[in-house]
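Let's start with one chain on its own, the form predicted on its own, as structure tokens.
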């Protein structure tokens, strides 16, 4: 299957996922990946991601399909967590396999830029004993604008 898109509440095992993805695409000349994790700085004690179920996974699948249509990929992996996570926990893993590295890099970056600014997740951090909602930054919108 060219795409593997998952929404999980349990931990992501990045090394195992990346290894399995690479083994599933032996003809790829390159695999580019991005791993997002909960920061261990700024006093962050926990991160919580909530989402709207009827839209989240279908939206992630549609995003993966856009990447597959736009670049010549052998495969695409998109795994995103929801729920409560702690510093060092993996939040998101995106990997793209392609014959040529530029397609793999571009597709992975495209998916991450869209997940970061147009996703179906609400994010909040626990720091200094209190929760605060996190909004996309101006840079997130600038990043996604370059794909239009």
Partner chain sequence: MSARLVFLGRLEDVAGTSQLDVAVGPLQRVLATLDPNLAVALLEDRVRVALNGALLSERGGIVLEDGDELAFLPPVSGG
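Positions refer to the first chain, counted from 1. Bear in mind that the values here come from a model prediction, so they are computed numbers and not experimental data.
The form predicted in complex with the partner chain exists for this protein as well; it is not shown, and the discussion that follows is about that form.
In the predicted bound form, no heavy atom of residue 11 sits within 4.5 Å of the partner chain. The closest non-hydrogen atom of residue 55 lies within 4.5 Å of the partner chain in the predicted bound form. Under a 4.5 angstroms non-hydrogen atom cutoff, the partner chain in the predicted bound form lacks residue 82 among its neighbouring residues. In the predicted bound form, residue 91 approaches the partner chain with a heavy atom inside 4.5 Å.
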